[in-house]
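Shown below, as structure tokens, is a lone chain in the form predicted alone; questions about how it binds or moves come after it.
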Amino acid sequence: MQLKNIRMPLFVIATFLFGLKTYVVYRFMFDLSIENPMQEFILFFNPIASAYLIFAISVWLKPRKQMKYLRWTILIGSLILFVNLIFYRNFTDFITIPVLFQGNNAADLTGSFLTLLHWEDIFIFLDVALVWYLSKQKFNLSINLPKRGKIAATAVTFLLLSGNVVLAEIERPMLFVRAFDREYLVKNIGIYNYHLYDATMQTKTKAQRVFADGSEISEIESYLKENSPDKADKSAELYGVAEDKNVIFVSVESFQDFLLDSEVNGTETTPFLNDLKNSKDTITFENFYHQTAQGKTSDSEFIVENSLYPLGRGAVYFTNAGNEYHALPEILNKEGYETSVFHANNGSFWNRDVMYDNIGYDDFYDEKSFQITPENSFGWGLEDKAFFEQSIKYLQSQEKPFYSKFITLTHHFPFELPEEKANIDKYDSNSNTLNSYFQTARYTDEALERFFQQLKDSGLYEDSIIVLMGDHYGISDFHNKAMGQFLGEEVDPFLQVQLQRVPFMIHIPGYEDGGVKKEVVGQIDVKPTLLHLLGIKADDDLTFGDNMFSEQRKGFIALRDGSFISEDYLYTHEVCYDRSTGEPLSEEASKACLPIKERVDQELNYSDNIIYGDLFRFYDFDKENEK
């Protein structure tokens, strides 16, 4: 048929083109997992329903304005899809409104952005080009309906959306109540309806602080007293072992546990850390999990400092930086510690300059405190070796005891390292990200070895304990095929959770009883554990973590998406696994996971309520000391 004979309205053409395009992107570019035919149908149906909603609005416009509306809406819709795809390739997640307010972070992401672009992304804009072309032609593709026809066209929108919601609830009951996992939302209602849902949630959470009155805090306090019985048990191992000692805490960027003891072409990736974890003066927790969400490194900091969970949407460091907290630096200040942070990035990144001041840090040594030159910087900034070397003079000038946190930069996505600085080969897989990951990890390992020597040379080593922690994952599940090649097994949901383990080592000079511990612990436990080592009692503290050395622990680690790991089970994507074998449990055996899952959901909700409602402003943290 020749174009001049086409009579199908452009909004119908745009609906099918855009809907089919979105389905293909969901299915093959986001690579959303499909578990059954119903999920496949919903994934196909929801983008067409969403596209019809967007484009059917044009029937209410005058014919001459319809073409302009369709051109711009299909372009904007495609840009939303494209930006989410780029974000997903890096974080395996979808954009939320709070993330958009973190826009000042984007200034340092240019190199990462270019790495995330793929040539096939052009496909996302092919329908845009076709609709623009058709809308500019002389033949008329607008539609002029009577009022009754416009109402009927609009009614179809509500039928499609209602059908989508009904199918989603059948496939995933209580989808909107238990919306910890954004991938489930996108698979069931589409990315555009997901953004509308996100906007609704943003409005709700903003109102939560306004209407909070503190009545919830007593309920949360009772729950924590019952379920987190021990935070500072003087009879537990290592109580007060670091009393009056300096604490040097190193947050190692994007460092996952599988790097330890790994090799590339016969060369160790982390020779120093391998030796350190096996030394007598180091305690290593091999089942330590990061619990971060969209805030990544800032989430890691927030969890460690407050023993609260991160938010499911955005980063607390941005969305709730003005809240009242009872953070680790504030507690240590009252105990006579000088507190500081070292990070060779700009001070406003992740809103650190605001948040650090609020939670009690005395000093923040950002990029202005370091001599950064083209020779000593690459990737995200100052290389780790120069970063540690230049920090020693500041450590020596601090009042003792001190608590100082270091945040490294070199081992950061996209893991770029000049060839002359690499002391290990790249891995060989279909993922450039994973291939480069081992080289920057090796460089950071070498930087840490130098740092330990510099601490010894400066006289700080003997009077300090040194804590090393991976802050979050570096290789997302977007690279599962390459990870499976490296690990020699397919990365299924069970293994994907296991890959969220990160190194956690407590190095105590002069200690002789170190070793590797197998307890399931996480970042939520760091604050009570450090206070335990320092001999500081904080029983009045409202925290969700437990002292890692106590035998009275709640026995599970919750991840932000509602997954959890316990001593016996691992639960993710609504499947309960035997943690020792990695095998899914039968329906009957899976019932053992339900009580833990209920507590996980409860804790995540309680923590959210504390943050969104700013509930700590109603709580007197000194009341126990006044009794």
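The first residue of the shown sequence is 1; numbering continues from there. Keep in mind the model is a prediction, meaning the values are calculated, not measured.
Omitted here: the form predicted together with a small molecule. The next part is about that form.
- The stretch in contact with the small molecule in the predicted complex, judged by heavy atoms within 4.5 Å, is 290 to 298, chosen from 153 to 161, 114 to 122, 290 to 298, 202 to 210.
- The candidate spot formed by 326, 402 and 527 lies out of contact with the small molecule in the predicted complex, as no residue has a heavy atom within 4.5 Å of it.
- The closest non-hydrogen atom of residue 192 lies beyond 4.5 Å of the small molecule in the predicted complex.
- By the criterion of a heavy atom within 4.5 Å, residue 531 is excluded from the residues contacting the small molecule in the predicted complex.
- Contact annotation for residue 143: none of its heavy atoms lies within 4.5 Å of the small molecule in the predicted complex.
- Using a 4.5 Å cutoff between non-hydrogen atoms, residue 345 counts as a contact of the small molecule in the predicted complex.
- Contact annotation: of the candidates 427, 365, 349, 197, the single residue with a non-hydrogen atom within 4.5 angstroms of the small molecule in the predicted complex is 349.
- Residue-level contacts in the predicted complex: of 384, 253, 305, 546, one residue has a heavy atom within 4.5 Å of the small molecule, and it is 253.
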